[in-house]
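Only one chain is included here, represented as structure tokens and corresponding to the form predicted on its own.
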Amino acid sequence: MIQLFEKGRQQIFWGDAIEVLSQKIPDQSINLIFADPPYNIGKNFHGHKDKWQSEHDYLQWCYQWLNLCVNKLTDNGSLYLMAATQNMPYFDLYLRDKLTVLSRIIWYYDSSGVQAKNHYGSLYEPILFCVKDKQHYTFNAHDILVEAKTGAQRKLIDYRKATPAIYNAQKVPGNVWQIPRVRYRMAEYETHPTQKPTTLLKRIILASSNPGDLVLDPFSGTFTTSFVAKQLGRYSIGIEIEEPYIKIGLRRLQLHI
């Protein structure tokens, strides 16, 4: 079953990601894809446990939709992929033959969900930033500048220049992003076990797309990608299989059944 909700080029597909990608999304039509699939670590998504019978089955499923995502990208398109730390090496190696991996990003947050007692608790999630053509892709560095403490706070002098000067006060973010997780009772909180913060998606969408571009999220969850894309003047396609999360998306995008 595939059902479409649409308003002003903001689209929500209710259905299986592989089916929607195969049947409804034209090849070379998407400027930016943000993929945050189930991690195969046992999370409960409205009664459906995120746990495959084997790691092999999980990876084969991921390779199937990843192949489709690569085909959907425009020639200058970009893909951001999130995954569990133990699975990211497989995806990194797999995608190297299809795309160029430009950055391996660490999203660092202040505390893990469950405090570990017998090992080191996880405080980050990895993100791959990949492009279709390493010579031609969108990267709006000026839109995502952050404070450079060397220049803005410490006022250090760069003596390597012909005329020594204070280091720049702003810089492009490095590949470690310290962004808080979404917590219960925060303004943006929705009932979902793996909601991603709007700040994270804002950086990705500003950097790797332009106003009027089309952004796709094949595992939309709380539809943060679509929500931020709309705020920033981009068009969006969100795919989700669970009805309660579809209702969240309809509300956040102000669409109606």
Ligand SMILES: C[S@@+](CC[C@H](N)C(=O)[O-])C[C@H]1O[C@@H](n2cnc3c(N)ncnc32)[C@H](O)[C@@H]1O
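Here the structure is a predicted model, which means the values were calculated and not measured. From 1 onward, residues are counted along the sequence shown.
Same protein, other form: the form predicted together with the ligand, not shown, and the subject of what follows.
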With a 4.5 Å heavy atom cut-off to the ligand in the predicted complex, the contacting stretch among 66 to 74, 33 to 41, 203 to 211, 227 to 235 is 33 to 41
Partner contact for residue 58 in the predicted complex: the ligand, 4.5 angstroms, heavy atom: no
The ligand contact in the predicted complex: residue 12, any heavy atom under 4.5 Å: no
Quick one: does residue 25 come within 4.5 Å of the ligand in the predicted complex, counting heavy atoms only? no
Listed by sequence position, which residues of 188 to 202 have a non-hydrogen atom within 4.5 angstroms of the ligand in the predicted complex? 192, 194, 195, 196
